[in-house]
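Only one chain is shown below, in structure tokens, and it's the form predicted alone.
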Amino acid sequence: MRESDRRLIKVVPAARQLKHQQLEFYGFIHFTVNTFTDREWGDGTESPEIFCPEKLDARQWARTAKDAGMRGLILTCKHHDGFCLWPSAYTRHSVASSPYKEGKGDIVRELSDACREEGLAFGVYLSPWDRNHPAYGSGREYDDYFAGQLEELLTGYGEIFAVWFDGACGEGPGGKRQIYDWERYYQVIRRLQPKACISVCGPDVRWCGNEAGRTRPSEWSVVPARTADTEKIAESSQQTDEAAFRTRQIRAQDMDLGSREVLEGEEDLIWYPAEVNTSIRPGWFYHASEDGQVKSLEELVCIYEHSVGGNATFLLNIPPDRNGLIHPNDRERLHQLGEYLRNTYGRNLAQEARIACEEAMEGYGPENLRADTLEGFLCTAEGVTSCEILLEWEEAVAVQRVVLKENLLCSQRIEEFEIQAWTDGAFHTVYRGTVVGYQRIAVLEKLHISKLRVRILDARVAVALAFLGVY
């Protein structure tokens, strides 16, 4: 075993990071005055009088998300325009000054309650850039205001699973820009919601690098600590309302963040898992002109299986319309996605197979792979960095997906694997993959087989596989 590899596997997720990744798929709700001005970014001069979603139903949002297979929702409690979806004590630029429920509404409350009723986690987005507040650009005075709003959101709405920051930082009054006191914001979150992950411009969850739903073929969670430099992340964030930003790809120089070669010589390593975020429509906010441009089921499935199935989480935006409802076109597509996931991953054929692995240590055998849990797992002896797992069925079964999960409590180890199917009296390779991490979904052409072999070809140290699913 190389000493450098031993060092890599010492890096493991914090409890909140592991719990966050186990959510797998969750939604974004973009909703504010922009919904009523037909814009993506407001400038802060919008009158609260325009905000009047007459049929708003947060339970419909939550039920739609749950039907799609999501396990949580994050609400844009305040976007760059500065309009607050809760009655903040720090500004009148909020629902308290709008016609919505005669100024007595609180959409953060409504959605947080709806999420808990539906068994969903609830998270908040709060834009550090406030284009309405006169103190923006003032330094400490504005930081006091922003920290105060964070405290309102983190103390008044139950447990929060994520606090989502982007790095937009434009000009305020007189052309001044605010230098965000990120460390102060993080301290507020850690003090009030220690189980919450701080995402994107934060130390817990890493932005994948684009908004188009594109993924890396090899996504590592163990990366250099410099990857979490908040100021550099902010510089790469969207700074203007530019439609082209939503279609950019991952930069070539950012494709490999955690291979042995990239980590060679890095002194400080962290666990920093990726999140893939995109919208179900071209825009993040609702626009009637995009009613016919909802992503196809095929595209959503592809993003899901490459993100959730590629060692990342999937954050899909679903924007309510001016009535305060998810549009029927979006609801239908999300229902189709949920049906696909339920139908595809509802029956694990590995539960019905004989399973063997000669390289497994006693007490860490292949039977542990049947349960999707970290309490038991398959493990090879120290220094044994490859193994073969054989599944056999009494009669041929139809197979299209194979799911592998590592035990992340032992870090991310697997670097290369292949899947072989028994056809025409011999094993033939039907899939080759690199990293596994939290989860790898191998998409196969439909097979009718009685034997399947998963070969772990290389791992950084001994293999520690938690789950094997065949669908």
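The first residue of the sequence shown is number 1, and the count goes up from there. Fair warning: this is a prediction, and the values are worked out from it, not measured in the lab.
Another form, the form predicted in complex with a small molecule, is not on view; read the next lines as being about it.
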**OP:** Could you tell me which stretch in 369-377, 329-337, 76-84, 89-97 has residues with non-hydrogen atoms within 4.5 Å of the small molecule in the model of the complex?
**Re:** 76-84
Original post:
Just one of 305, 321, 211, 152 has a heavy atom within 4.5 Å of the small molecule in the model of the complex. Which one?
Top reply: 211
Subject >> One residue of 215, 112, 277, 311 in contact with the small molecule, assessed in the model of the complex (non-hydrogen atom, 4.5 angstroms) >> reply: 277
Original post:
Using heavy atoms and a 4.5 Å limit, would one call residue 166 a contact residue for the small molecule in the model of the complex?
Top reply: yes
**OP:** May I ask you to state whether residue 284 is within 4.5 Å of the small molecule in the model of the complex, using heavy atom distances?
**Re:** yes
Original post:
Any chance residue 30 has a heavy atom within 4.5 Å of the small molecule in the model of the complex?
Top reply: yes
**OP:** Report yes if any heavy atom of residue 182 sits within 4.5 Å of a heavy atom of the small molecule in the model of the complex; otherwise report no.
**Re:** no
